[in-house]
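Quick heads-up: it's one chain on its own, the form predicted alone, in structure tokens.
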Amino acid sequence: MGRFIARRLVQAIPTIFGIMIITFALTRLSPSDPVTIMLGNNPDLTEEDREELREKLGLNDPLPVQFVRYVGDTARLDFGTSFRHNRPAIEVIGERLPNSLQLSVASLLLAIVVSVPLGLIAGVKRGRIADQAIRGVSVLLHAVPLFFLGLLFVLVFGVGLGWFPVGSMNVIGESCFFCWDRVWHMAGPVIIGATGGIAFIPRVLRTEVLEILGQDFVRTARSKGLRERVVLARHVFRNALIPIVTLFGGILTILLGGSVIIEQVFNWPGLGRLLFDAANSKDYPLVQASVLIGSLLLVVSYILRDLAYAWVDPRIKAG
């Protein structure tokens, strides 16, 4: 297992390097200037003051020099100093990352708990009302954008009915990482974040169940006189869940990508919202560090997915 993890990490180096190139290019080629955004149109500042700040931030150096410095600093785990916060970028990200992980993990668990039973029911009840209803809801959730679902949740259940808070992580004056107040504030963003998995997993799982129901080993199990419940639990459901494990990496990608929208809608101070604000303010170090750390998290999630797949399917172990 150690060799496998080490090999996958080495294979991820070109991918991470490519992400660094793309992120660097997009930040430098985007319109507007970070110095102008930082200083604004203050009439008391001269052009010499602006050039002095640009020189201090290293923005006057040629782009190849800036990129080489960026790669070298990153290799030493130095992610630079945030233009906006005037603090090391890694410290700012470290404050926000746990909040995003809390939402992503809770959304993933909710998506699995809800979508797996729905997919199994849709496969077993093929063509019936339950199957049609589950497929209809999945297609509807897949078609509606996350930001619209988030705004609808805020308007209906937050502003209209007052069941859930409309922003932040805790009541003003309270602070806790996991308590009832935090769970209450997490309800909205977690439910909306889980809709991506709920829209996707049941349809895939339904297809797998229908395919396995037609396999020879299922007919053999039934011919031996096994109860239908035993056939479904031991032979159909277990084998149908194996391909679902391969989807977890993609689901995590959806969750991390959707966190930018969800955190913005629900005013959740996480990594996605931090990246959005940093991109608007042209905070190059913070954008680069946020994208890089998010990419590393995805690489780790894909490695964990492969390990889980080998654990679920013994044939992968033997291979």
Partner chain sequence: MAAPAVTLRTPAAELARPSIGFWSDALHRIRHDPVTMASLAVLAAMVLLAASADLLAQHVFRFTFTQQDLLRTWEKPTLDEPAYWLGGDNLGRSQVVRVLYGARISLFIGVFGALVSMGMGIALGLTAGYFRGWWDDVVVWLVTTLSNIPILFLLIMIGLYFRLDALSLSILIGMLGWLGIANFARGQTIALRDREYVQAARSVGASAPRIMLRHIFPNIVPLMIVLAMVDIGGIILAESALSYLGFGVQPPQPSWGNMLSGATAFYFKGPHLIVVPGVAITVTVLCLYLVGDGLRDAFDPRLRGSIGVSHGGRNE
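Positions refer to the first chain, counted from 1. Bear in mind that the values here come from a model prediction, so they are computed numbers and not experimental data.
Note that the form predicted together with the partner chain isn't included here; everything after this is about it.
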item	value
Every residue of S30, V287 and Y302 near the partner chain in the model of the complex, heavy atom within 4.5 Å	yes
Contacting member of R128, R135, R234, R219, with respect to the partner chain in the model of the complex [4.5 Å, heavy atom]	R135
Interface residue in the model of the complex among R182, H142, R87, R238, criterion: non-hydrogen atom within 4.5 angstroms of the partner chain	H142
Contact label in the model of the complex: F276 to the partner chain, heavy atom within 4.5 Å	yes
Touches the partner chain in the model of the complex: I22 (any heavy atom, 4.5 Å)	yes
Distance check, V35 to the partner chain in the model of the complex, heavy atom within 4.5 Å	no
Partner contact for L161 in the model of the complex: the partner chain, 4.5 angstroms, heavy atom	no
Among 108 to 116, 221 to 229, 196 to 204, 71 to 79, the region lying within 4.5 Å of the partner chain in the model of the complex by heavy atom distance	196 to 204
In the model of the complex, residues of 145 to 162 near the partner chain [heavy atom within 4.5 Å]	P145, L146, F147, F148, L151, L152, V154, L155, V159
